[in-house]
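Following this are structure 1 and structure 2, which are two forms of one protein chain, each written alone as structure tokens.
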Structure 1
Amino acid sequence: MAGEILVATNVLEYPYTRTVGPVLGAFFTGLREGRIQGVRAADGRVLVPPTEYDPLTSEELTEMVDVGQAGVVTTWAWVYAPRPLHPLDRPFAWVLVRLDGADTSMLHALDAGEPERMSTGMRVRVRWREGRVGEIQDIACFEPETPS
């Protein structure tokens, strides 16, 4: 019909669900309960976050180990202008944190206020989110162990 414009709304979505498996499943369940677990690798090292397979030998890993909720910064990057999807809406540091009892480090955000407070080796601790659901964002961010 002349003059009539047909319109159809197309919502692009990926309606998949997936299981995270036995190791990440245990890790995320732990986060929901307010604890952090790693997995013991073939050579005895404790990997946090845990992986189902050893990153070097590909052996299947199963032994979950509780680790601390504080640790040290192994490297960091200061974000002056956070992007819309970043975990904090004010300047912050991305950090790799090696938690007490862990042998590898995990990525997260550190709410340090200003870059002058940052140094590799500084001690930081977890700030938990309220209303945890079992995902990495249950850790709201890390914060310096020593108050400013």
Structure 2
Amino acid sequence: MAGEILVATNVLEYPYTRTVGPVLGAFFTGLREGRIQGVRAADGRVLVPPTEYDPLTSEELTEMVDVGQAGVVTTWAWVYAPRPLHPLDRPFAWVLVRLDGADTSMLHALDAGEPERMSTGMRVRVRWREGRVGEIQDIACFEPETPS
């Protein structure tokens, strides 16, 4: 018995389904159609991605508004060695992008080619994937607005 290794297989899962509701449903429908939408708060701020409730006031939000498909990088981090489940199979940046017409930033991947092309404040635009289905991956990634 001494030195015997005990093994117990344990699979931890949290299977569930969630309905997205009218706000996120409209956001995902817009992505499928090649549009990006946010939601307008009572004070005029446009939140992208949209939320069902104002994070400052807890007020319910329902007014969907289209925003631009380009914007500015507010911060970024370079990924030198992408992992298997990352959105790109080559080095890329995780970025927060504030789209034109939005007051908040959204997280996504940016295909810039090399970290030397990256800077806070740079202009970027959406690269849509083929065969959109209504999910965040319909935005394949962002890319620099001005090619190198």
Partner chain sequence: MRDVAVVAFAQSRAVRAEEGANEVEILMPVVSAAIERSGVPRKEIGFTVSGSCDYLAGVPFAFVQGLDAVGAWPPIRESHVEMDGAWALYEAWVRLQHGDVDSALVYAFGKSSLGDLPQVLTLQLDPYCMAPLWPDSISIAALQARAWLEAGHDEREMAEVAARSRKAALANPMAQVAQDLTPEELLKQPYLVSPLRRHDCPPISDGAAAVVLAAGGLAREVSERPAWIRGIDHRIEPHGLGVRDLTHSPSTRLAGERAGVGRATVDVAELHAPFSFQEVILRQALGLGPDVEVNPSGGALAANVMMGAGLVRIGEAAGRVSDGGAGRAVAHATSGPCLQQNLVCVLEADQ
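In this text, the rigid core denotes the largest set of C-alpha atoms whose superposition between the two forms falls within 1.5 Å. Here, residue number means position along structure 1's sequence, counting from 1. The structure displayed is predicted, hence computed values, not measured ones.
- Note that the form predicted together with its partner chain is the one shown as structure 1, not structure 2.
- Relative to the superposed rigid core, Glu130 undergoes a CA displacement smaller than 2 Å between structures 1 and 2.
- Overlaying the rigid core between structures 1 and 2 leaves the Cα of Asn10 displaced by 11.3 angstrom.
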